[in-house]
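As a starting point, one isolated chain is supplied in structure tokens, in the form predicted alone.
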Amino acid sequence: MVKNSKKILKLKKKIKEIRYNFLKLISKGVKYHIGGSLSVLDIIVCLIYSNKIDLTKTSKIRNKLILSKGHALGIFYTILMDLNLLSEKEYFSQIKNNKFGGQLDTYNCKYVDWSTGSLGHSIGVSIGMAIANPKKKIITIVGDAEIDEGSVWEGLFFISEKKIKNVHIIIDRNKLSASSFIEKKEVLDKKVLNQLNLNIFRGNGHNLINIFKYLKIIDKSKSSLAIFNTIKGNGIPEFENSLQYSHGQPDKRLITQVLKNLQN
């Protein structure tokens, strides 16, 4: 349990700021996947602002973050701007020149550890990074639709069989793919996961105490798999559990109203 309630309150405030600033980018015409970005926002903020992924350190020193669900990159860029690691001017310049893509297919950002977007590859990449960097934690965030890819499970069983100790996989379990509801996931049952030589964690991806419990597991000398139940579009009633805003963009009237509501 996290004892420092001030730290939790500070992070909750930061999450609200990042949510607002992310949606502000949407209001300026930048197109992102809103639902899947907001479902994982709390987890990414906790990882970065707790310094589990310390972006102020060089890539050679710090732990690695692979955002396999690259459609949530808008949250990552919003955080970079909040940390003054990326200026708003530079951000929009890169957007204009097609240097910052829509799936973290990024060509000019030193804070991105791996360009993602093609599903199923990230865990294999994280294994390679883990072997090359045994003293670093390699943290990979995947969506629950992505785990249908066979390569994900090949990677998980490889980590287990070879006893690789520094790969940590987070599943954003928002129960919605880009186009449909995915309530059932038998592969996430205990009978399957208990076969893996991994620390298995289940929690609420919007509960900061739950998230911090998992961050402590990351510190242990064994790889882990976390399944965090989340809400697609979390924090914005108009976007929550909505297929429309999985890909779709709100019109100017709606996004203006949403931003106004967040300020109240």
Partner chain sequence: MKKDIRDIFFENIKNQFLKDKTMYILTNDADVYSLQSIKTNERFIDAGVAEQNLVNMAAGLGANNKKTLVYGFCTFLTFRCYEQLKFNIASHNANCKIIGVGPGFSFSNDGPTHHGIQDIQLFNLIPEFEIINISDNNLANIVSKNLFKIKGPVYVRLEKGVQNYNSNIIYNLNQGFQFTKKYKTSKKVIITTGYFCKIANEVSDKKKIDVLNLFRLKNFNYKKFIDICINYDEIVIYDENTEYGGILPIILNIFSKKKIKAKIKTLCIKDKQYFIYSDNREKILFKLKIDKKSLEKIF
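Because the structure is predicted, anything quoted here is derived from the model rather than measured. Numbering follows the first chain given and starts at 1.
Although not depicted, the form predicted together with the partner chain is the subject of the following passage.
*Asks:* In the model of the complex, does G101 come within 4.5 Å of the partner chain, counting heavy atoms only?
*Replies:* No.
*Asks:* May I ask you to state whether Y91 is within 4.5 Å of the partner chain in the model of the complex, using heavy atom distances?
*Replies:* Y91: no, not in contact with the partner chain in the model of the complex.
*Asks:* Is K64 close enough to touch the partner chain in the model of the complex, meaning at least one heavy atom pair within 4.5 Å?
*Replies:* Judged by the heavy-atom cut-off of 4.5 Å, K64 is in contact with the partner chain in the model of the complex.
*Asks:* Against the partner chain in the model of the complex, would A132 count as a contact residue? Criterion: heavy atoms within 4.5 Å.
*Replies:* Output for A132 is yes: heavy atoms within 4.5 Å of the partner chain.
*Asks:* Only one of these stretches, 165-173, 118-126, 77-85, 181-189, has heavy atoms within 4.5 Å of the partner chain in the model of the complex; which one is it?
*Replies:* Of the stretches listed, the one contacting the partner is 118-126.
*Asks:* From first to last in sequence, which residues of 145-162 have any non-hydrogen atom within 4.5 angstroms of the partner chain in the model of the complex?
*Replies:* Residues within 4.5 Å: S151, E154, G155, F158, K162.
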